[in-house]
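First, one chain by itself in C-alpha cells, the form predicted alone.
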Amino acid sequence: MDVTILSRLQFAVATYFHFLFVPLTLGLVWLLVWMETKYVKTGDEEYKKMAKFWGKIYLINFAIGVVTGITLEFQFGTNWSRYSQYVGDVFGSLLAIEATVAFFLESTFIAVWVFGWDKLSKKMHALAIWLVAIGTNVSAIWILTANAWMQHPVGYVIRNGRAELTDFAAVVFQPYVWLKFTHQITAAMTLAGFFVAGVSAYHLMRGSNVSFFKKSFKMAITYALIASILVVAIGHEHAAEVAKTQPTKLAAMESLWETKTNAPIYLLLWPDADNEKNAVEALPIPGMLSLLAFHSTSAEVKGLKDFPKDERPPVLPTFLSFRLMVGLGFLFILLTLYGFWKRDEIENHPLFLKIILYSVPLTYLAILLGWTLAEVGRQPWIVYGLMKVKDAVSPTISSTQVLVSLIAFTLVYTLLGIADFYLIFKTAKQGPKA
C-alpha cells in the first residue's frame, strides 16, 4: 500500500484514539473546579467527596490522554518530515509553547492537587485545581491554534522554500482559532456533563448513594445544558468562518455542486460524488444556506464544480459527519432541557435516566464526527491551499516500515484503551467508596 495512505491511516488511528480521552479531561476539570469551590464556600463534606470521586476518574483518563498524545508529536518527525521542514517555523513554535508553558502548569498542579488533600488549606487546595483547569485549557488553545493554522494559514511568508513566521499575533488572534477553541471546549463540556450525569443516572436507578449522585446529576445536567446550547451557537459561527476561509469544505458539508445565490438547504439530501450531483435532493429551504453561511439570503455560495477535482474533499464523509454532528447537537439540547426541568425529582424518571446513560457514547461520537469533519473536509490539503498531504510525507520511509508501526500502534492502543475503559468503568460502577 502507498506510504502516504498508510501514514495517514496511522496518524488517524493515533488521533482518534487520543481524542477519546482529551475531551473528558478538558470538560471534567471544570466540574471538579465547581465541586471543590462549592466545598470551600459551603463546608459541605459531600462536595469534597464528589471532587475526590470524579477526580479519580479524571486522573485515569488524563494519564492515558498524555501517553497517546506524545506519539502524535513523534509522527511529525518520522512520517511527516517534509511537512515539519516546510512549516516547522510556525507549527513547531506553537507546540513548543504548549509543552513548555501550559502542560508544565497543568502537570505540576495535578500533583499538588492529588497529594495536597489534608496537607493544604481548603482554599489553597482549590486553587490547585483552578490552575490545573487553566493549564489544561491553555494547552488546548495552543494545540488548536496549530490546527487552526493548518485550516487557515496566516502570518507567514514563503522564503527559502519553507513557511517562515512573520506575524505571531495574526496566527494567534485570527477568528478561526477562537471559534475552533470555544467550539471544542464547549463540546468537551457537553461530553463531560453527559458522562457525569450518565454515571449518576446508573447509580440513581439502583438507589445507591442517592444524595451524592443526585447532587452530581443536578450539577452535571446544568453544566451540559449550558454547554450544549453554546456548542451549537458557536458551531454556527464556526461554520460561517469556514464558509469564508474554506469554501470547498462548506460545499462538501452541504453537497453543493453548482454555485448559487439564494442557495437552499435541502432537508433530504444524498450525495453522488461520482456523477457530481445529488442522488436525492428534496424539501429545499430557499436561501437558508446563503443566510447561515454569509448572513444574507442573496449571498453567493460556491459549488464544488467551481474547484478542480483534485482539490475537492471527499464529499460523503464530510457531508455525513456534518449532518450527524449537528443532529446530535440538537438532541443533546433537548435531553438536557428535560433533565434540567426534572432535576429535583430525577430519581422518579427511570426511563429518562436510562436514556441519559445510553447517551454518553453519543457525545463521544459527536466529537469524533466533528474531528472527522475538520480533518477530512480539509483534504487534499495538509495546510489548506499551501501544501498537499501527498507532498508532506517523509521521503525515506518505506510502506513496510509504516505498516509495521501502524500494526504495533493499533495493538498497543487497543490494550491501553481496554485497560483505561476497564479502570474508568470499574471506578464509576463502585461509586464514591471505591
Partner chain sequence: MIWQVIWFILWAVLWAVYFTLDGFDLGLGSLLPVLAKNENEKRIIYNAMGPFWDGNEVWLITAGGATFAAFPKTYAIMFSCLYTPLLLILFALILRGVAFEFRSKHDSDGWRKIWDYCLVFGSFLPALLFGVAFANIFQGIPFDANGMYHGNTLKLLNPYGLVGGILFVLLFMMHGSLWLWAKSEGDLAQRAKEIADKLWNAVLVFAVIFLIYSYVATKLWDNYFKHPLLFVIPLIAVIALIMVKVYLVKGENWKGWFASSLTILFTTFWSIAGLFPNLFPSSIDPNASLTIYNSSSSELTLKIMTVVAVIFVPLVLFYQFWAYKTFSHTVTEKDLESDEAY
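All values reported here derive from a predicted model rather than from experimental measurement. Positions refer to the first chain, counted from 1.
The following text describes the form predicted together with its partner chain, which does not appear among the structures shown.
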- Query: Does the trio V301, E311 and T363 actually contact its partner chain in the predicted bound form, every residue with a heavy atom within 4.5 Å?
  - Reply: no
- Query: Is N275 close enough to touch its partner chain in the predicted bound form, meaning at least one heavy atom pair within 4.5 Å?
  - Reply: no
- Item | is_contact(K260, its partner chain) in the predicted bound form, heavy atom dist at most 4.5 Å | no
- Message: At 4.5 Å between heavy atoms, is T396 in contact with its partner chain in the predicted bound form?
- Response: yes
- Query: Would I110 count as touching its partner chain in the predicted bound form under a 4.5 Å heavy atom rule?
  - Reply: yes
- Message: Just to be sure I understand the contacts: of V280, L120, I355, I226, which is the one whose heavy atoms reach within 4.5 angstroms of its partner chain in the predicted bound form?
- Response: L120
- Item | in the predicted bound form, the residue from Q174, T78, T222, T245 that sits within 4.5 Å of its partner chain by heavy atoms | T78
- Message: Based on heavy atom distances of 4.5 Å or less, which listed stretch (288-296, 260-268, 214-222, 85-93) is in contact with its partner chain in the predicted bound form?
- Response: 85-93
- Note on the structure: Contact check, 249-285 vs its partner chain in the predicted bound form, heavy atom within 4.5 Å, ordered by sequence, gives none
